[in-house]
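Coming up is one lone chain in structure tokens, specifically the form predicted on its own.
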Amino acid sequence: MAGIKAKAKLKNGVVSVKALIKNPSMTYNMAEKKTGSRDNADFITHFSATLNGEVVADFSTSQFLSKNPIFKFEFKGIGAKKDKIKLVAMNNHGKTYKGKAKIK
């Protein structure tokens, strides 16, 4: 099952998040060379994170991410220890990857 593994830490009022998305990340050119069809490309196109219903990170991405990309971001002003951040990513075929990170 594809998913997102993540960690979140609160220090001095700032929450730092590190998230790994299990994805092969194959560009259109790589897919055409390897399989003969650009339709087999597979890469993350969107990533978002929410905490208590509020968006804390939102990224649009392209085919030039590495295999199993890692996203790092920080935010402040909301969040406390033991709160859970919900993470969602989507690939170019509409497949959804989900994960959670409990703030420590």
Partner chain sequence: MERRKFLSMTLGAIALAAVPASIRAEDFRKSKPAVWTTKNVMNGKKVTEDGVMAAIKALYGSNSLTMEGVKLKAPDVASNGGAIPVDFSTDKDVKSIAVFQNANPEAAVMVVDVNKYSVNKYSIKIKMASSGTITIVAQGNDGKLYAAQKTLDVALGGCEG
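Numbering follows the first chain given and starts at 1. Predicted model only: the values in this text are computed from it and were never measured.
One more form of this protein, predicted in complex with its partner chain, exists but is not displayed; see below.
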Can you tell me whether residue 40 touches its partner chain? I mean in the predicted complex, with a 4.5 angstroms heavy atom cut-off. no
Does its partner chain get within 4.5 angstroms of any non-hydrogen atom of residue 14 in the predicted complex? yes
Is the gap between residue 77 and its partner chain in the predicted complex 4.5 Å or less for some heavy atom pair? yes
Is there a non-hydrogen atom of residue 36 within 4.5 angstroms of a non-hydrogen atom of its partner chain in the predicted complex? no
Thinking of 54, 70 and 73 as one candidate spot, does its partner chain come within 4.5 Å of a heavy atom in every one of them in the predicted complex? yes
Can you tell me which residues in 27-63 come within 4.5 angstroms of its partner chain in the predicted complex, by heavy atoms? 27, 29, 30, 33, 34, 43, 45, 46, 50, 53, 54, 55, 56, 57, 58, 59, 60, 61, 62, 63
